[in-house]
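This document starts with one chain, in the form predicted alone, laid out as structure tokens.
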């Protein structure tokens, strides 16, 4: 951190928060709100003001297990090296108007006239690294209950074991201040649980952190009795497994059981290694809850227009670029994307830095040629496309849709939302797709039209081919950038040309290259299948399937399954007639417009 603070090309803006982000790759406008420190850069960190201040409050850095003064440093290694005044605690901002620190500061570094300021900075790329926060277990296992003062969290134990912590590195029972004779660790507190308010995922850090702490405790107190109650210890990598085995050699007892805390800090549990039905009860002096980690990316997602996964972490663009987001020029590093240890955070930071560095090697950004185009003569400025776009690439200006090319991903979802055919995708225009359909259905007998997305399904079909997997020769593949780009009109057009069967395939839910656009596909296809049924057409003739790039065999199975479906010629002719009339009516409607 010191090296970062001294680097000539790095500007540190502490006590600042992001208010708004506008623009696109190479031209972002970031609005920052700078909160006053009330201490200027003239501060030499002499400490005289700290000695004079007599106002105390709870220290959140030490998990509220210690007190700090109104003038303080956030933590010992904080950069820059200067004090900060907490205006919510300092009595200068009350009626008393204290001036003691001002009077004692020889460098005149105290400035109570500072106010909140806003500043707009222009940057070419952004890296989000807002980290995580510990899960709050209040109410679980008796934590927060005054009956159990010696139940603490893993974060509180970390601060307690630190030489700069509230107990100066001494591990003590909060109730008595004495060294404990026995310690119990309870794993997966708030993690790996489907209960409301808890985390369904593994937080990844808890097990290695607990094993590390047991070894540190054993090093200080060899006779200390330590039990670890777990739901399956998870250690990955050679180093973590090594320290786990070392902890077992040091007589740390690992019990695969979830205990209950009762009066007097006694834990009731069963040991499946001995007798699963037999309940045991053991008294412990100190109980440590290994809490999970909670993402803090909600605000980051709103500012940067980056999507979040189902668990609240930032969603990566694709697995081949784990620090990129679907928004060009925006990257992330560390646990903002998923639970990660220090080593992984450093690796991701290096990866994100390399991603950003490529923008400094050229004066212009290279954009994809597959982007949306607006026909301003047809556009009515209704705004439906703008609401449909998950990337924020479309805005309405002067009652006409306008595309920000640097933001557009060319998925085609906006094409489906436009009722006036005013939007098209370069190289994947509707007339081009229809031309492919006409060629594929020149002799429509037994043909299977397969709309396959570029990133997953088409790659899955390609993998099936390179793997020499055999499937029906009647399949005709039409590539799209995303399954959401397959419009309802295209499917109807295929049926109008005599297609007996149509398959729409895309990425699996949660793996879509364009956020959750494949969920729009599911909604449209489901609605169209209902429409087919209402017209007396077998809805099984239209199939929606998810196929990933590695699932060549699954692609074959999908095609073979559709191949087995038998369709009468009379039904095909009826379908052609129904959808041919529909296309004619729509064409006449557009002419009238």
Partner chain sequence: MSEDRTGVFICHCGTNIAGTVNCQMITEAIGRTDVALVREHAYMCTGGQAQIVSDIQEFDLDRIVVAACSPRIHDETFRSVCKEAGINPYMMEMVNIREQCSWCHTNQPDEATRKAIDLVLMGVENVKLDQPLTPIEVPMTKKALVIGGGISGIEASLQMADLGHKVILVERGPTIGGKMAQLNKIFPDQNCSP
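Residue numbers count along the first chain shown, from 1. These numbers were taken from a predicted model, which means no experiment stands behind them.
Just so you know, the form predicted together with its partner chain exists too; it's not on screen, but the next bit is about it.
- Using a 4.5 angstroms threshold between heavy atoms, residue 324 stays clear of its partner chain in the predicted bound form.
- Looking at residue 142, you'd find every heavy atom of it more than 4.5 angstroms from its partner chain in the predicted bound form.
- For residue 95, no non-hydrogen atom is located within 4.5 Å of its partner chain in the predicted bound form, even though that partner is not displayed.
- Interface residue remark: residue 487 is not counted as part of the site for its partner chain in the predicted bound form, having no heavy atom within 4.5 Å.
- When contacts are defined as a non-hydrogen atom within 4.5 Å, none of 150, 201 and 511 contacts its partner chain in the predicted bound form.
- With the partner omitted here, the stretch from 448 to 456, 222 to 230, 306 to 314, 503 to 511 that lies within 4.5 Å of its partner chain by heavy atoms in the predicted bound form is 448 to 456.
- Contact with its partner chain in the predicted bound form, judged by any heavy atom within 4.5 Å, is made by just one of 256, 268, 436, 114: 436.
- The listed set 90, 415, 477, 110 contains one residue whose heavy atoms approach its partner chain in the predicted bound form to within 4.5 Å, identified as 477.
- Taking its partner chain as it sits in the predicted bound form, the stretch 338 to 355 comes within 4.5 angstroms of it through a non-hydrogen atom at 341, 342, 345, 346, 349, 350, 353.
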